[in-house]
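The chain below stands alone and is given in structure tokens; this is the form predicted alone.
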């Protein structure tokens, strides 16, 4: 009887210690981590024309600031699972990015998406990686200097964006009679402006500068007006998946703590002459959580 009790106590103690101090791959995986581990790949949603965050290079390969940050998160996932995982990229746009993440088609979104409370009903966000706001892009000779000059004009807007909502609300509030042209993405919005189908295009100011930089005649375009919104960018991950979310937070905290984020930022924004703002630096610091 005494031996039996001792064996039971040992078994109980072993049961309590099972998995303690072991990496995730030695425990029972669930959610997104299990899906990635079982398939051996992570599926990343990327934008095709969100310069310099997520866009296609001359070889049609996804590159950009957000893509580089996501690569560090992939490394962290590989470490957590104890094995290498491959990356499969899936193109997304403002209309598809949230549904594709919410239904599990993609595992993580690496683009230029604003973190909003409304969107958090469907997805979750990692810490802020950039801060921008809504402005207007137009031709330098258009006579448009702010939203108040849009009366009788046509402005291109991508549905499902915070910019679409803000411009429409501001136009109604200010009593501006403006026509709206629905476009699928930034590339289509820029094309509409270049070809005269639209007098202006609106999205986050940093993306507008990216469109100018990649245009054939950058001197023909200007970003005008005051900021019409506050848009903190963050990478999207599945909602209600704390284990996967924690890996992303840990990867970003390490980026911010080591200062590697500054190198990634400089790679993509120094050529555009856009320095980190004090607000963005504060956001990085706040997300540098202790181990």
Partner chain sequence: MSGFDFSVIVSALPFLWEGLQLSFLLTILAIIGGLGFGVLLALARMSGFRLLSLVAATYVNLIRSVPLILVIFWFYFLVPLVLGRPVGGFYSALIAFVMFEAAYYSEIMRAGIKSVAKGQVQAGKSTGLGYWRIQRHIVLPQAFRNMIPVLVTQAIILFQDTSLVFVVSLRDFMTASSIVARTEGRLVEMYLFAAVVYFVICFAGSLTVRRLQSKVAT
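Positions refer to the first chain, counted from 1. No experiment lies behind these values; they were computed from the predicted model shown.
Not on display, but discussed next: the form predicted in complex with its partner chain.
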Answer range among 219-227, 262-270, 52-60, 248-256 for contact with its partner chain, defined in the predicted bound form as heavy atoms within 4.5 Å: 52-60
Of the options 81, 126, 74, 100, which one has a non-hydrogen atom that comes within 4.5 Å of its partner chain in the predicted bound form? 100
Among 145, 105, 86, 140, just one has a heavy atom within 4.5 Å of its partner chain in the predicted bound form, namely 105
4.5 Å heavy atom contact, residue 149 and its partner chain in the predicted bound form: no
Exercise: residue 93 in contact with its partner chain in the predicted bound form, heavy atom 4.5 Å: yes
Would residue 188 sit within 4.5 Å of its partner chain in the predicted bound form, counting heavy atoms only? yes
Do any residues of 32-50 have a non-hydrogen atom within 4.5 angstroms of its partner chain in the predicted bound form? If so, which ones, in sequence order? 35, 46, 48
